[in-house]
Ligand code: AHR
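As structure tokens, one chain now follows by itself in the form predicted alone.
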Amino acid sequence: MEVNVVTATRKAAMILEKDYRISEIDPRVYGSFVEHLGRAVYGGVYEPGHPTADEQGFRRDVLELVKELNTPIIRYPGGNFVSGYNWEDGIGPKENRPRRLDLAWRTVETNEVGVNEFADWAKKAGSEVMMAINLGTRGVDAARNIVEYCNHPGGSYYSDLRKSHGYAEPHGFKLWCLGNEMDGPWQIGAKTAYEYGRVAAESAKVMKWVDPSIELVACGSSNIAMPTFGEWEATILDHTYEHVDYVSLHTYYGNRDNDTPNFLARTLGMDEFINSVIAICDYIKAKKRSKKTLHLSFDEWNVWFHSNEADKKVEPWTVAPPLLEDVYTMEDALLVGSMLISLLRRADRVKVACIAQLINVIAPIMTQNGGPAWRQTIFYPFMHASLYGRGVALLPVIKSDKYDTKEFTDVPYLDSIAVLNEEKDELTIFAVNRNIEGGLDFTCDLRGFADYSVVEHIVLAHEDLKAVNTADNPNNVQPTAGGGAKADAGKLTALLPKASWNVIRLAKRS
């Protein structure tokens, strides 16, 4: 028995120094996403007949859970949906709004919720709106008009139209997406890199003429596996570089072959994806001899695969059917934790990120129509990062035992990042133990933090890596305190439980 314990336990050491800094973390890296897809809006955000519904039909129980995540920005209204969306359908009296066929998801869109209602909901949630425009079936004209409607103070056709709809003050949306996944053949109005680059550049130009204060995100490749990846980024940025502020990245991971060690290693690919896009951005910067550094918006990321087969059986052309309703496991929460660490590792360039999505659709929050709302397993690492990952990302020096999988070699058992909040004199270490067979003997040299002590060690773990939370058992997987981390004379020690997400919070002793 003793031999098995020794074999299963691995070791990892880390060095942290105040001057080893990556960057100040942009809070918008903890953004999320609500698309008109499945029950994200209808039955998620909005359910007028629900016992908790407010005067506008928004579920108060959902709003309370969203507030727990403290997400500063929410991307809306898509996603694939936006490439066929006429934003004018969702404004004005609800009784006059058309019902449309949504070709992206083969459903019927009632347009009961549109830009004004979502702006109201986002305010209640304490979030800003990251607005996406349609560059699939629409173009430059619609792009300038929606910015005028949303952001111009008054005295013009569209701004006065907004006022007539009961919104005297402009919404002031500051961050805008120039379409969605325009390289994908599944996309309504998909385009070549040249076609997209031109329409995105012209749309960006006129949008900023209407409101020079806005920031814009150009569509990068839908994922790194696209055959045009790399060339797509280089081509579209050749056209848009001086007009936009960010380029997007999207990725989803799954464990279809039930290979947990390989699944937990997938963030090595995410790191490579981020670094590759940064390299392309910097190539275009050099080519154009530009002084501007382009940043990244990783505005779709998550685990997505559980619901794939169920989605094939959903009846088409219905209103708000249950689509993409992944029920997340403990091992999914571990990967989500590592994905957050991957984002923070490049906080110098990743300034916006959106977990996709927020409610019901591949989401940390689930609901029953007319019933309860609850937290999925992935809720917890996202919440912890959002609450405690504000400040400066520190560059850790890590030495860890490693393992190999069918896709990856030299995978560290320890995946970790640290965040220093100088205003509060707090240091937080986020750590994933990828070892599914045993604990991880973790030590950290806290150089420059000798006067810091452990405040809390939060652990998310479960004996069953396939454990889930449901409406009937919403607290099956939940974090616990008392993980056992200790700091003394500038050295931190902890035994990280097998297959666990850890949050070790330290504070300066007074």
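None of the values given here were measured: they were computed from a predicted structure. Counting begins at 1, following the sequence as shown.
If you look for the form predicted in complex with this ligand, you will not find it shown, but the lines that follow are about it.
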| item | value |
| --- | --- |
| Location of this ligand contact in the model of the complex, chosen stretch of 43 to 51, 30 to 38, 56 to 64, 446 to 454 [non-hydrogen atom, 4.5 Å] | 30 to 38 |
| The single option of S297, N360, N180, N433 touching this ligand in the model of the complex, heavy atom within 4.5 Å | N180 |
| Listed residue that, although this ligand is not shown, lies within 4.5 Å of it in the model of the complex (heavy atoms), from Y380, F273, W105, Y246 | W105 |
| Whether R345, A385 and N421 all lie within 4.5 angstroms of this ligand in the model of the complex by heavy atom | no |
| Any non-hydrogen atom of W186 within 4.5 angstroms of this ligand in the model of the complex | yes |
| L324, heavy atom within 4.5 angstroms of this ligand in the model of the complex | yes |
| Partner proximity in the model of the complex: N80 to this ligand, non-hydrogen atom cutoff 4.5 Å | yes |
| 4.5 angstroms heavy atom contact with this ligand in the model of the complex for H250 | yes |
